[in-house]
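A single chain comes next, written as structure tokens; it is the form predicted on its own.
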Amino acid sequence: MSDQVAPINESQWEKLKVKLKKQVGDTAYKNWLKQLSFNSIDKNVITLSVPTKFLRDWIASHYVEKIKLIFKEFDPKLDVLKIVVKSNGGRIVPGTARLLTGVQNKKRQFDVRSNQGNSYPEDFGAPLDPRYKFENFVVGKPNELAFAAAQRITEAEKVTFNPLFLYGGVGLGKTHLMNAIGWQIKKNNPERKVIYLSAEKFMYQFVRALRYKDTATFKDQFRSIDVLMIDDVQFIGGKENTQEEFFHTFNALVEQNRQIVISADKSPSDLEGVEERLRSRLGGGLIADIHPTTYELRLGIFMEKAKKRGVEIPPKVLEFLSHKIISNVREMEGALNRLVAHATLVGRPITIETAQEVLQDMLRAHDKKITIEEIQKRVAEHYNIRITDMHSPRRSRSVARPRQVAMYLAKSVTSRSLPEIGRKFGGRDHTTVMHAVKKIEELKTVDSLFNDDVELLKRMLET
């Protein structure tokens, strides 16, 4: 008598997908699970397929248990999930199967990663994102130290600083650099064991090891890594047991001269809920702050992303976007995607007017954040002059130069027209504003200290 379970029909598979969507949420389902296809059930093994290896690895790392729970409702005996990659023609790509078993003898059994020299479970780390490599990372003043340090790690034969601690706001490139490090190390030396994961995933692995009384395996796995990269370490704040284990793992790897790369949204000294000894350890290597983007860097990023999409966008439109979309790279990419999609679907040329129409919500939100009055206040405080000097007829350099800086910033980070800016500065003519902008741009090119000063003011306004 066969143990084979009756196959799932199309209607049942659709119902299972609806349940899965409710479990993970619309966004996660759309991004990662929508392309899942049902293949077969044989005894206790469910076989599903996806179109790419990257998608297979991501699902294996994040959604295995949720998928198995859904199938167990259909039949409790189903406790092994097999994910294969199918080509466009429906052919299973050889060597792509990932077998993920259920709970046996109170310990989970795992498949081994083919690209690792040690026995790592399939969901031990996160797969590296193929979009994020050094060659498509746009470098500018705000991120040049972080970029150089990341490259040095992949080139150096010995560990030169440990850890490399990258910090900065959301969407500024920390995750991109960490993935790029991983890809480059694998390219230079495929035998090195590189693990990249989030701090939340580290915590999950540790809690799971405690649950299954298998902390010895957990310690061995983490402490035999050549390069450990942990993203968003701020999430272990307040988690005392996780911090304790992370501290010991960190020390063990440093003592063995293994490389550690950490990212967070704040510097080590500013991490909330993190023990002093761990903050001290995290700050013991090289700390690289990734600043908010400058206009020049944003322009470079927009040009790179437009080129990658094979889309011709007029330079004036890219300049306009670079002035207006200033919060982070993710928002910039979202703006570009919307603009290109609109132009493609509607068939309209990409112009500044089109950009203003399609992105009006993003532009309005930005304009609410930064006003000319706020710029005048910040600049006056910075140069220790009175706010009334912004409107006065005084022409002494100690007053005129800060006023020109404020005009330059008003042109750079708001959507106000030249006449509007002039009116805010004591009713000055638009030609006066043009002269101020030109003068500041000239000074920035010949005086690096002055340039840094103006960029500091700009960052203060943008954050």
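Keep in mind it's a predicted model, so treat the numbers as computed, not measured. Numbers for residues come from their place in the sequence shown, where the first is 1.
A second form of this protein, the form predicted in complex with a small molecule, is not displayed here; the remarks below concern that form.
Q: Using a 4.5 Å heavy atom cut-off, which of 152-160, 306-314, 168-176, 209-217 contacts the small molecule in the predicted bound form?
A: Within 4.5 Å of the partner lies stretch 168-176.
Q: Would you classify L271 as touching the small molecule in the predicted bound form, given a 4.5 Å non-hydrogen atom cut-off?
A: Output for L271 is no: heavy atoms all beyond 4.5 Å of the small molecule.
Q: At 4.5 Å between heavy atoms, is A380 in contact with the small molecule in the predicted bound form?
A: So A380 does not count as contacting the small molecule.
Q: Mark K187 yes when one of its heavy atoms lies within 4.5 Å of a heavy atom of the small molecule in the predicted bound form, and no otherwise.
A: Close contact is absent here: in the predicted bound form, K187 is far from the small molecule, nothing within 4.5 Å, heavy atoms only.
Q: Does any part of L359 reach within 4.5 Å of the small molecule in the predicted bound form? Heavy atoms only, please.
A: Outside the cut-off, so no.
Q: Sort through L197, V138, I287, V80 and report the residue having a heavy atom within 4.5 Å of the small molecule in the predicted bound form.
A: Here the answer is residue option V138.
Q: Considering non-hydrogen atoms and a 4.5 Å limit, which listed residue (A355, V261, I301, I225) is close to the small molecule in the predicted bound form?
A: Flagged contact: I301.
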